[in-house]
Ligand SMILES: Nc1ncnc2c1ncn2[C@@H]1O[C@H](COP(=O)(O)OP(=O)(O)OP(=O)(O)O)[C@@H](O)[C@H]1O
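In structure tokens, the next block holds one chain alone, the form predicted alone.
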Amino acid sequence: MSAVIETEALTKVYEGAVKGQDVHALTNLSIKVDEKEIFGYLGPNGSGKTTTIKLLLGLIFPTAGRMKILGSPDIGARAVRTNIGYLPEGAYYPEFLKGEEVLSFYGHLYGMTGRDLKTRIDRVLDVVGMSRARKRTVRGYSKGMRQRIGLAQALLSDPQILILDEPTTGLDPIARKEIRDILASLRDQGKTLLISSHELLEVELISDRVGILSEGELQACGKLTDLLSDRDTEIEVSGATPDALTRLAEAGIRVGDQVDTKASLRVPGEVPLYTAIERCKAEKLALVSVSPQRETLEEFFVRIIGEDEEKRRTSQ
């Protein structure tokens, strides 16, 4: 796959009010976002995510480094700009406007008019599931509906790239699931999505790759299957007795949830799985299932950020 977003040693320094207090918002960022993928862009507050987005949108300019979008270094070119849809965090739309009027306003900003604009509005409202609410005012929309209209706005020009800032934050579980399904569907239709979010579970569920920033520097980047470590193996057993579980715990096998004679066992990496299974058999426990457990994205995120903070402390 070819990269549709590329940065090379991208750096942004904001001048401080006092000499010597410049803020290094981004330092030597080199990433590639491939076509037809969802790229999760993660980091704590102040890590440089928003600065990166502003740079990609041409709202600010880099101190050093280079960017390419759709293979072009001229990110201000019309062919590039019309191929990027952007949903900002907490987007605001005039509450007296109807949903379709919001889209009509943005469509005119894109230079769309007449039948072409109407056809496109019909299309994006259908994609985000807002066709039946198109004539309701924004004032009467729930937060999830406002996010859908925002996403429809980002899709108006039928862009190849979508840059979405916190698309599911503050939504209830049903609304998050609905937005997540829409985003996955857009990826399947050939769109490329860069998603900045603090909702790590949502990112883990739909992202093909992730990048993690800390203090303006990229700490990790890659596929989740490559980044997340395997950890304990979970064994479900039946026929468990208190004495048997005690002996298993003494052998280093952790006992988890228990319901009647069923129990969940966690086998840490230092205990060979074969040994754990043989001990279960020796205790006359019936094996129900054996499933390897993987580190979650949240656990990986906390570990990577923690390691970076520790490294910075020790280097001071």
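For every residue, the number given is its place in the sequence shown, counted from 1. Model, not experiment: these values are computed from the prediction.
The form predicted together with the ligand is left out here; the points below concern that form.
Within 4.5 Å of some heavy atom of the ligand in the predicted complex lies at least one heavy atom of Thr51. Mapping the unseen interface onto this chain, Val302 falls outside it, with no heavy atom inside 4.5 Å of the ligand in the predicted complex. Put simply, Glu89 is close to the ligand in the predicted complex: some heavy atom of it is within 4.5 Å. At the 4.5 Å threshold, heavy atoms of Glu100 stay clear of the ligand in the predicted complex, well away from it. Contact annotation for the candidate site: Ala17, Ala25 and Pro44 all lie close to the ligand in the predicted complex (heavy atom within 4.5 Å). Screening Asp232, Glu178, Glu217, Glu166 for any heavy atom within 4.5 Å of the ligand in the predicted complex leaves a single hit, Glu166. Though the ligand is absent from this view, in the predicted complex it lies within 4.5 Å of a heavy atom of just one residue from Lys223, Lys118, Arg136, His198, which is His198.
Along 235 to 258, a non-hydrogen atom within 4.5 Å of the ligand in the predicted complex is carried by no residue at all.
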